[in-house]
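First, one chain by itself: the form predicted on its own, in C-alpha cells.
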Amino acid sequence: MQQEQPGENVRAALNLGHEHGVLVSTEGVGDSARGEPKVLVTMGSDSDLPLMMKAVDILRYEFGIPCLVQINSVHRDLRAAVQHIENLPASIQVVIACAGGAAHLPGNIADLRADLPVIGVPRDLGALKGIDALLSMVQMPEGAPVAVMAIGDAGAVNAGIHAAKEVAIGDPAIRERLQAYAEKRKGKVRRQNETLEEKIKG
C-alpha cells in the first residue's frame, strides 16, 4: 500500500491543487507543511517571489503562521485570479498582495473579498522604480481600502508583521510572539550602544 505523504491530508482538507498555491509553514513547504494557512501571500509573477519570501519567512519563522503562496495575474489571467481569490480556504484571515507598475492586484482583491484585510506591497520595478505601484495602491477609492506598505524589501517585511498583527487579534500566542519580536529589535539597539564607544575610537 502506498504511504500517504505528511501534507496530503492538509492539502485535501483545504481542497488545494498545486495550481492554487503552495502551503508554507515553519515545518516546511508544500507536502511538508503543517497547519491551516492564515495569510495569503500573492503576486503577479514568480519574479516577485524573492521579494515576497521576506514576508513569507517572517510569518513562518518569527510568528509561526502558516501561509498560502499564490501567483495571480489580473493582467494575464484575470479569470483564474478571480477564481482563486473567491475560493480561498476559509482559514485565510489576511491577504498580502505584491504588484509593480499599474499594480491592480491588491485593489482587485479588496473588491473581490470585502471580508478580508488586504495589504499591498509595491515592487521596485520599471522606469518609475515602484512609485507608480505605490500611488496606484494608495489611491484606492473610498470603500475599497488597501493598507499599503513601503516600496521593496522594507514593505515586504512590514507586510508580514502587519499581517501577524491582524491574526493576533484573535490569537494570544501570536500577540506574545509579536512582543518577543519587538524585544529582539530593542536588544539590537542596546547591543549597538554597548559597542558604540569602540567604534567611535576606531
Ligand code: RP5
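In this text, residue numbers run from 1 along the sequence as written. No experiment lies behind these values; they were computed from the predicted model shown.
Unshown form predicted in complex with 5-O-phosphono-beta-D-ribofuranose; subsequent notes refer to it.
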Contact flag, G44 vs 5-O-phosphono-beta-D-ribofuranose in the predicted bound form, heavy atom cut 4.5 Å: yes
4.5 Å heavy atom contact, G100 to 5-O-phosphono-beta-D-ribofuranose in the predicted bound form: yes
Contact flag, E166 vs 5-O-phosphono-beta-D-ribofuranose in the predicted bound form, heavy atom cut 4.5 Å: no
Partner proximity in the predicted bound form: L125 to 5-O-phosphono-beta-D-ribofuranose, non-hydrogen atom cutoff 4.5 Å: yes
Interface segment, criterion being heavy atoms within 4.5 Å of 5-O-phosphono-beta-D-ribofuranose in the predicted bound form, picked from 47-55, 141-149, 169-177, 22-30: 47-55
Heavy atom within 4.5 Å of 5-O-phosphono-beta-D-ribofuranose in the predicted bound form - qualifying residues of 69-86: H75, R76
